[in-house]
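We begin with a single chain expressed as structure tokens, specifically the form predicted alone.
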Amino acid sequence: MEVVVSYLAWVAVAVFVLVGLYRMLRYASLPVFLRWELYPVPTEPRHHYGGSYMEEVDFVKKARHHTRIGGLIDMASEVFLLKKLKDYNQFGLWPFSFLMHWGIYLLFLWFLLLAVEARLKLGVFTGLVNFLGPVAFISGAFGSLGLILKRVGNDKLGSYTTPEDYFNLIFLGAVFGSGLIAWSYADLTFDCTRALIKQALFFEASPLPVPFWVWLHLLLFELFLIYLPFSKLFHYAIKYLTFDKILWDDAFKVKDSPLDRKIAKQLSYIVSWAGPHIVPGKTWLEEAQLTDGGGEK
């Protein structure tokens, strides 16, 4: 089984990277997103009071100034602190979601450090690796379990929790839980984990016997890595497009600009979906101009 885990590690990394890149390029090439343009926009210098460059007289004739640092700070607060979930913490999900997300971040960092440590034969990361592993396992397991119980215990929240949501949380809980058991029960110093990581990297037989829980944990992490880019958990990679292209993009459209030509092209597409309000054979523009009765607005 250890040999399977070793080969699967390369497959998992390849699938994670290639499918992730494909989906990112796919999303980036989709038709122009429906922009929200809700203020305040953090890249706007007047964002502290919800202002806009459009407040200026003849703003179309003036150079526009962005503050990219403001956008980066806002995006970082969302990624690392889950700020919006904290501000609108209607069901009390924030502390558990915060722990689960940081469990994921630390778990990936932990595996990365283990690989670097094995590849470069460095011992400087040993203390950090031995600290990060248990923190990631405990944080992630507690957060995943808490989110499951929140959904099960609240009818309103449970009503729009899909089976996939439960599966994702149980899967994550299994990854973190197996890591916690492997560490506390069989590999307190992570020596066996290091041996298995080294075996996966160099296809060398492990000098140490690898306990069941250690290779099971690595196997579950590899399967999770393969599953990740295919699931809704991939939202982490779409955050840039969500923020920069949907929430914050308030640039005005200039006639005959690349954006103008792209929108004009999209408006000529034939609607390819059906619905009671859709007249077959019409373009996007014609559909938008129709009333409910099928006549012109």
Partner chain sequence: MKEQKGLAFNRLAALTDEPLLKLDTKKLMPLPYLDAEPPVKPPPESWLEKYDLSLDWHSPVGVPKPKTEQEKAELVRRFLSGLGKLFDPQNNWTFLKILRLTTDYCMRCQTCSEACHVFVASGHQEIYRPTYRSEILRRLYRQYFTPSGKLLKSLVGADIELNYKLVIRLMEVSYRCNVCRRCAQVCPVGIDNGLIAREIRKLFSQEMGIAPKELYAKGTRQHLKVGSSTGMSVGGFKEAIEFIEEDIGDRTGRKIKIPVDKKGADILLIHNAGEYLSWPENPGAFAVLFDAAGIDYTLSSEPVGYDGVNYGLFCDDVELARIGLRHVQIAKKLGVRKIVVGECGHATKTLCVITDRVFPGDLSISEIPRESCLPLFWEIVKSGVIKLDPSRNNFPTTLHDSCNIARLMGIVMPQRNVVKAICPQFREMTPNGARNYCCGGGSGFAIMNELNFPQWRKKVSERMKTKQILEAFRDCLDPSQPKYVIAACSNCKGAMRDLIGHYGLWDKYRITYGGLVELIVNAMADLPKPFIELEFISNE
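Take the two forms, superpose them, and find the largest set of C-alpha atoms that agree within 1.5 Å; that set is the rigid core. Positions refer to the first chain, counted from 1. What you see is a predicted model; the values in this text were computed from it and never measured.
Another form exists, predicted together with the partner chain; not displayed. Remarks below refer to it.
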### Message
So, Leu34 and the partner chain: in the predicted bound form, are they within 4.5 Å at any heavy atom pair?
### Response
yes
### Message
Ser184 versus the partner chain, in the predicted bound form: is there a non-hydrogen atom within 4.5 Å?
### Response
no
### Message
Is Val57 part of the interface with the partner chain in the predicted bound form - any heavy atom within 4.5 Å?
### Response
yes
### Query
Can Glu164 be called a contact residue for the partner chain in the predicted bound form at 4.5 Å between heavy atoms?
yes
### Message
Which is the contacting stretch out of 78-86, 190-198, 175-183, 119-127, given heavy atoms within 4.5 Å of the partner chain in the predicted bound form?
### Response
78-86
### Query
Though the partner is not shown here, which residues of 246-275 have a heavy atom within 4.5 Å of the partner chain in the predicted bound form?
Ile246, Leu247, Asp249, Ala251, Phe252, Lys253, Val254, Lys255, Leu259, Asp260, Ile263, Gln266, Leu267, Tyr269, Ile270, Val271, Ser272, Trp273, Ala274, Gly275
### Task
Verify the C-alpha shift of Glu56 between the shown form and the other one: is it 2 Å or more after superposing the core?
no
### Query
Would you say Arg23 moves between the shown form and the other one, meaning its CA shifts by 2 Å or more once the core is fitted?
no
### Query
Superposing on the rigid core, does the Cα of Ser257 end up 2 Å or more away between the shown form and the other one?
yes
